[in-house]
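The chain that follows stands alone, in the form predicted on its own, written as structure tokens.
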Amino acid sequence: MQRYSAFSLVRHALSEHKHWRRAWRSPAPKPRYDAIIVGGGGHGLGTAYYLARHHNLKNIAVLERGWIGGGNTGRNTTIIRSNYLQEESQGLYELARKMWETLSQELNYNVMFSPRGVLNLCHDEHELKGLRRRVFANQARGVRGEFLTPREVKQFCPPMRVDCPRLPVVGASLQRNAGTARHDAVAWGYARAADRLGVDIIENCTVNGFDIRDGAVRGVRTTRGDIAAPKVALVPAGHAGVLANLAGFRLPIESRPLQALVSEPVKPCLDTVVMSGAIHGYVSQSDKGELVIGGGADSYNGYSQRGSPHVLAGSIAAVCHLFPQFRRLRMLRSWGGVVDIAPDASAILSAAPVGGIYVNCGWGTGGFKATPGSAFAFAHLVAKGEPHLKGRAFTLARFATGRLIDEHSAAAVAH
């Protein structure tokens, strides 16, 4: 693989950029691999990369039914934070946040991580107490967080209206080292780095069955033929339940559409991420100048990548309460992704009831921010057969023991 650098950029400029190598290969699938990763998003590609780099598994395939970056990885709103309430969530998300800081250097690919800060607003006394509790819980466990008064909120984010008569801002939490990253660049960076280590990335390859004998997996059946492997890791974002059913077991998740939109591009006017649980909306500004707006998942189960118009309209109205000047902007485009939500709103990183199958799912609306930490912990599970320290609490066993990781009350807003 050619290394990207300022020198290579200048050198290729002399040839009018006609001789760049492909970022990753497009190999035909082999008849057998040591491990198969089903799902070519950030989590799946990251798992393959860490398996090859840290666990010396070189004969790996990543099977993606579409194209790299075409699923949830390219459909999210790029927010990164670790200020969750529960200790288990804080550990896993903070691991990921720290990895984001050096990910561009590790992958030799600019993922455009921008620690611009994330503001979580509160609008009444009840919400204020809950937000203080979360800030104190973060501080007690080494996760950066602070509480801002309305005046300090206005100083940190001048464009926002904090004295709205309907929903006045009475305080906010701020995680200064949180922010955003470029979503599709994460998938491309992991794909390129995994390919460099010998991982086969096979696009347009749909898994439609499994070869299971004596309670253990022997391989997968795909639209490009049968492929044998003693280990199969399922990382298909919102479609984990579908693949689990094909393998003969059920997962405690629901899949729902999650929508977002961007405005027409404008000059830089918002240099942080603003979220509000009460009005259920959030907004940030991309490097291209578009306002990225989102809210909660739709209330019905489904696999549509569109969603309900009234949910989108509610997100827009929520943001316009805080930023009345944004009412004049036109919507450029909207889209949806399919998210899978567990009963406690926490992820599942676990061995499956079928031997040799491992599942990474249930991230709900918070999967993107966890990408490097999730992939690192899941690779350890696939390679060693036992959970990583940061992922030990996220196995399927918690639904039998009752040791749930309840993040519903702490999520504040979808992301």
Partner chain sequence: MLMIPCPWCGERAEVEFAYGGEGGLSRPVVPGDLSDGEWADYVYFRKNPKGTHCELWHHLHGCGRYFEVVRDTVDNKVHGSAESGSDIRGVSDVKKV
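Numbering follows the first chain given and starts at 1. Given the structure is predicted, the values throughout are model-derived calculations rather than measurements.
Below, we turn to the form predicted in complex with the partner chain, even though it does not appear here.
With the partner chain left out of view, the stretch that reaches within 4.5 Å of it through heavy atoms in the model of the complex is, among 134-142, 301-309, 71-79, 157-165, 301-309.
Although the partner is absent from the chain shown here, none of 22, 58 and 195 has a heavy atom within 4.5 Å of the partner chain in the model of the complex. Contact annotation: residue 254 falls within 4.5 Å of the partner chain in the model of the complex, judged by heavy atom distances. In the model of the complex, the partner chain sits within 4.5 Å of a heavy atom of residue 343. Mapping the unseen interface onto this chain, residue 129 falls outside it, with no heavy atom inside 4.5 Å of the partner chain in the model of the complex. Taking the partner from elsewhere, residue 239 is found to have a heavy atom lying within 4.5 Å of the partner chain in the model of the complex. Shown without its partner, this chain lists 221, 250, 98, 333 as candidates; in the model of the complex, only 250 has a non-hydrogen atom within 4.5 angstroms of the partner chain.
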